[in-house]
Structures are given as structure tokens and as C-alpha cells.
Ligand SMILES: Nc1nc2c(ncn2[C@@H]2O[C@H](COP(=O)(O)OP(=O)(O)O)[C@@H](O)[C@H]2O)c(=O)[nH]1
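Take a look at this one chain, the form predicted alone, written out in C-alpha cells.
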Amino acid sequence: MTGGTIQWYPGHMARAMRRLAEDVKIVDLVIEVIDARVPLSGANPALDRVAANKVRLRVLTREDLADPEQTRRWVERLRETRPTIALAAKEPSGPARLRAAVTAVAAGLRSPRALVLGIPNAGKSTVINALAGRKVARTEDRAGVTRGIQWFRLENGLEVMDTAGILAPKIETDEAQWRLAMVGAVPRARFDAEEVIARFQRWAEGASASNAVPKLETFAQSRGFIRHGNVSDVHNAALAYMKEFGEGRFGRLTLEEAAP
């Protein structure tokens, strides 16, 4: 990963980007979904341009996995440009707050149609399920689950379009690369998990949560990833490590800090 960029623009995403430019024309509201742990890297500028002329709501998902103070700062900062809320879908008040925010921004719109967009694994289906108050869209903690366009009609009359996650064609910086890999926005076949974890651990050494982040070698030994001769199986341990990070086992971490 170091010294180059992840080349990530498979055919279905290229088609989805072209289709999205057309589909956005038939909706009045665009809901942009961003993982709260990567508020900067988790936003695709191309999606921002496509929806530039629409009424918009920004939703920072996985609030329960991100640092609470950082989320507060990011919401405050992002609200300077458009309505923004943070969402922890599993918290009782989360879905209700989301529905209230959508109702507020949609007031006065011509038609009750919205489009949900974001990069892979940002939590778009989770947002749709929260709006619906039940599971109507498939959710999974890996990139590329939603491939095509799906419409959902909700009880309040709102029609919501789910779209395939679309990542920028090139992730230009090393910092953005490892951060997006850690939150599952890039398929695991596209990066070296051990290298990503090494970058994550170097970041954690300068963060307040460094004591909660285990070294990969320590993690491998504690989870039983051991080969003959008591040698750590760091390759397979790395995949388990990233999974546990995604589950919040190392604490609530935001990988990009907002200015105080």
C-alpha cells in the first residue's frame, strides 16, 4: 500500500456512477451516508458533485463505534455546510431522530422521494432500515453487498432508493487508504491486512486510545492464531483483528480528528 494508490473502480461501480447521475434527477432529497469513524475519507467528492443541487441530509453512521467527542465536533463542523446528524441505529432513540431529521429537511418538497448514497459499507442499508422501522434492506460489514438500485416504500409515504456504494476511482493518500480499509470500505482482496494494521497501530500510538489497541503479535497469541513451533499466524490473525476492530472491541475510535 505504501508508495501507491489502491486502484478501485470495478465495472459495476463505473456503471453505478453513470446511473446515479440519472437517478438523482427523479428525487428531491439526497441522504449522504458517511461512517462516523472516517468523516473525511468516508465522503466521495464525486457523489457530492452529483447531488450538488438537491436538498440534502448528511448522516454519520456507526456513532456507537466512534469517539463521542470527535463525533460531536464533526457534526458541529459539518452542519456549517448542510444538515447533519449522527446515527447509532441500535440505540432506541436513533431511528426516531433520523426520521425526524428527514421529515424536517423534506418539508415542502415536491415529491416524497429520496435517494441514499455513500461509499461501500458506509451503512446505507442501516439508514434505510432505521427509516423503515424494520429490516427491509440487507446489511453486512463488508464492501460491495448492495450492487443494484432498490426502491423501498416506507409507511409515511416516503419512497427511498438504495444505491450501490461508489468509492473514488483512486484513493490518493496513504492515510486515507488504510483508514478506508480498516472500516471495510475496500474489499479485502485489494490490500495487505498486515500492512493496514501496522499503519493503524502507528496512528494509535499517538492517540489517546493507544492502550486499548493490541499489537498484532499479541492479538494472534491471545486468540490462538499459532502455528507449529509457537509461531504466530499473523496472516489469519490480521483478518480477525480487522473484524474485531469493526465490532468496536478496541473501544470507540475515530480515525480522523476534527479541530476543537
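Quick note: we count residues from 1 along the sequence shown, nothing fancier. Please read these numbers as outputs of a predicted model, since none were measured by experiment.
Below, we refer to the form predicted together with this ligand, which is not included among the displayed structures.
Q: Just one of 174 to 182, 95 to 103, 113 to 121, 152 to 160 has residues with a heavy atom within 4.5 Å of this ligand in the model of the complex, so point it out.
A: Single hit among the candidates: 113 to 121.
Q: Which listed residue (Asp64, Asp48, Glu194, Asp28) meets the criterion of a heavy atom within 4.5 Å of this ligand in the model of the complex?
A: Selected option: Asp64.
Q: Name the single residue among Val75, Leu109, Ala89, Val136 that comes within 4.5 Å of this ligand in the model of the complex, judging by heavy atoms.
A: Contact check passes for Ala89.
Q: Look up in the model of the complex whether Ser125 has a non-hydrogen atom within 4.5 angstroms of this ligand, and give yes or no.
A: Flag for Ser125 set to yes.
Q: From first to last in sequence, which residues of 186 to 206 have any non-hydrogen atom within 4.5 angstroms of this ligand in the model of the complex?
A: Residues within 4.5 Å: none.
Q: Check Lys54 against Leu167 at the C-alpha atoms and report closer or farther in the model of the complex, compared with the shown form; the change is 3 Å or more.
A: Between the C-alphas of Leu167 and Lys54, the gap narrows in the model of the complex (3 Å or more compared with this form).
Q: Taking the shown form as reference, are the C-alpha positions of Ala181 and Gly165 brought closer or pushed farther apart in the model of the complex, with a change of 3 Å or more?
A: Farther apart, which means the C-alphas of Ala181 and Gly165 are at least 3 Å more distant in the model of the complex.
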